[in-house]
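Have a look below at one chain only, the form predicted on its own, in structure tokens format.
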Amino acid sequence: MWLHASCLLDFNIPVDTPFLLMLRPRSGKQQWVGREQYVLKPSISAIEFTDPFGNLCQRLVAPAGSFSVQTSFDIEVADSSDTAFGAFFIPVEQLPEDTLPFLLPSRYCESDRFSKMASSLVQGVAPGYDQCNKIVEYIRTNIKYAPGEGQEIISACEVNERSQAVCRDMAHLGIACCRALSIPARLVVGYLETLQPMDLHAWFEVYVGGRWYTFDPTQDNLKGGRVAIAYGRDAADVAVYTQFGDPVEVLRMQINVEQISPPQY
């Protein structure tokens, strides 16, 4: 399917402030960017680079006063998310090198503290995809998805002690449990066409059967219509904006995603 997506960020900047932005989707096997617009107001210079996870990042200094970032794009994405029950576990020594960072404990995914829990959850389940699915079932059953409730980022250990959480934090718990089983898992931030209320969304992917597969503890049925903006070990790697120095006021953040007809460029 083709989607048109946009993001508007309005800031009140007290003093000139350095920013790192991560708002541009990249084309790949699961999505293709057809048209894109990226507008900074006031217009200022920015430097783009690619981070260690392949994300497109923009570096700039926002001037004092009103400052806005507006992005929009037409993008072709899958209309359904692949499932692969029975996809096999890959031993660590046979994994591609670029998946190895996603095996290690990270700031918000303390996988070294979930070995016993993860093993108990998947007891008797075939190694690989089916284990990951069992972990997601546990999260969905025991933690209520509460969009808009979590402004403070919390770790997997903290999530596991609560009865409700936002998408990002539920994904952290899934990632930590999968890594505890030596299955590479990474956080994805982006857009989901059917999300209500509309906002940025987070889910996670695992590497089994020779490729990455999507898991989303917030959804009863794994939906397509996903636009990936950034990949990382956890939320520390995938902030859509990071500002340095004194705090800035976010006046507005507006996300819109809608299905469109295939464009005729």
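All of these numbers come straight from a predicted model, not from anything done at the bench. We number the residues from 1 along the sequence you see.
Omitted here: the form predicted together with another copy of the chain. The next part is about that form.
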query = Does every residue of 216, 249 and 256 put a non-hydrogen atom within 4.5 angstroms of another copy of the chain in the predicted complex?
reply = no
Assert contact residue (another copy of the chain, in the predicted complex, non-hydrogen atom within 4.5 Å, options 65, 34, 209, 42) equals 34
For another copy of the chain in the predicted complex, the stretch among 88-96, 170-178, 136-144, 122-130 with residues bearing a heavy atom within 4.5 Å is 88-96
Review point. Applying a 4.5 Å heavy atom distance criterion, does residue 190 contact another copy of the chain in the predicted complex?
Key: no
(message) With a cut-off of 4.5 Å between heavy atoms, is residue 12 one of the residues that contacts another copy of the chain in the predicted complex?
(response) no
Quick one: does residue 182 come within 4.5 Å of another copy of the chain in the predicted complex, counting heavy atoms only? yes
Taking 4.5 angstroms as the cut-off for heavy atoms, does residue 78 touch another copy of the chain in the predicted complex? no
In sequence order, the residues of 32-68 that place a heavy atom within 4.5 Å of another copy of the chain in the predicted complex are 32, 33, 34, 35, 36, 37, 38, 39, 40, 41, 43, 46, 47, 48, 49, 50, 52, 56, 58, 59, 61
